[in-house]
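A single chain comes next, written as structure tokens; it is the form predicted alone.
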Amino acid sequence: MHTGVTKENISIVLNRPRFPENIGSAARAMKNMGISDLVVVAPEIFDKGRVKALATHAALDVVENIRLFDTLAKALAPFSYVVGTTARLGDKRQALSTPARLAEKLVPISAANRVAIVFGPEDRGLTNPELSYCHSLVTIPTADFSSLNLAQAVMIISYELFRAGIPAPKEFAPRLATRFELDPMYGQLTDLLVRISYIQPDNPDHWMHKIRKALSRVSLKAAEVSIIRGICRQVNWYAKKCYSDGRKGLLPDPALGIDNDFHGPTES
């Protein structure tokens, strides 16, 4: 079972790039995401010094191992699966996927096949004849302005290939409250709400339905049930205290934030 893209079988192919700096920046982006094989086809200018300047020291190994070709056909000869990148869509340019979907597709393919991802020149992109070499196309969704810098496009594709290999984090599964814990809590809450006249005592289950429904959506944990029951106990204790103090003619403690005009419930 494959858990991610086999990055050792992935190559980035820059077809007819115009600027050495973009080659260097692309090499750096690849290095960031664990892809190391860079193929350059018929560059307009190939100044290795300028390439290295943008690649930085960390990606020098990618630059030193660049494979140069004069035609795209020769460059793609060893690859079993070729992906073309395009920003323009049409009858002959039906993009198969976004970068994320491409990465998912390449998980099984890259396990046993060499894969080339081809980027066209900065000003024009890949031509229709060049796209005919490709098994599938990928486009990077953008807003109104669809033009991306070459290195930016390489980074986005490389990032999605890298991300496809990251195992999903294990989700923490807390112990949820059992019915043995929940039912007494609802009983305690019902009793309290009846006593403070929040719900009607003649049919409390009817009035508790929405409260139960809301709390059920939360999937209460055992510790949270304990907190709710503690609040109920405290409210119940304080209500009794206020009632007792009121009968004795005592005012509630102002420090507790209680209105001094309150003298407890009247005796029925």
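Note that this is a predicted model, so its numbers are computed, not measured. Note that residue numbering begins at 1 and tracks the sequence as displayed.
Another form, the form predicted in complex with a small molecule, is not on view; read the next lines as being about it.
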(message) Check for me: heavy atom within 4.5 Å of the small molecule in the predicted complex, for each of Thr86, Arg124 and Ile140, yes or no.
(response) yes
(request) State yes or no: in the predicted complex, is some non-hydrogen atom of Leu150 no more than 4.5 angstroms from a non-hydrogen atom of the small molecule? (result) yes
(request) Given that the partner is absent here, state which listed stretch (186-194, 171-179, 112-120, 73-81) has heavy atoms within 4.5 Å of the small molecule in the predicted complex. (result) 112-120
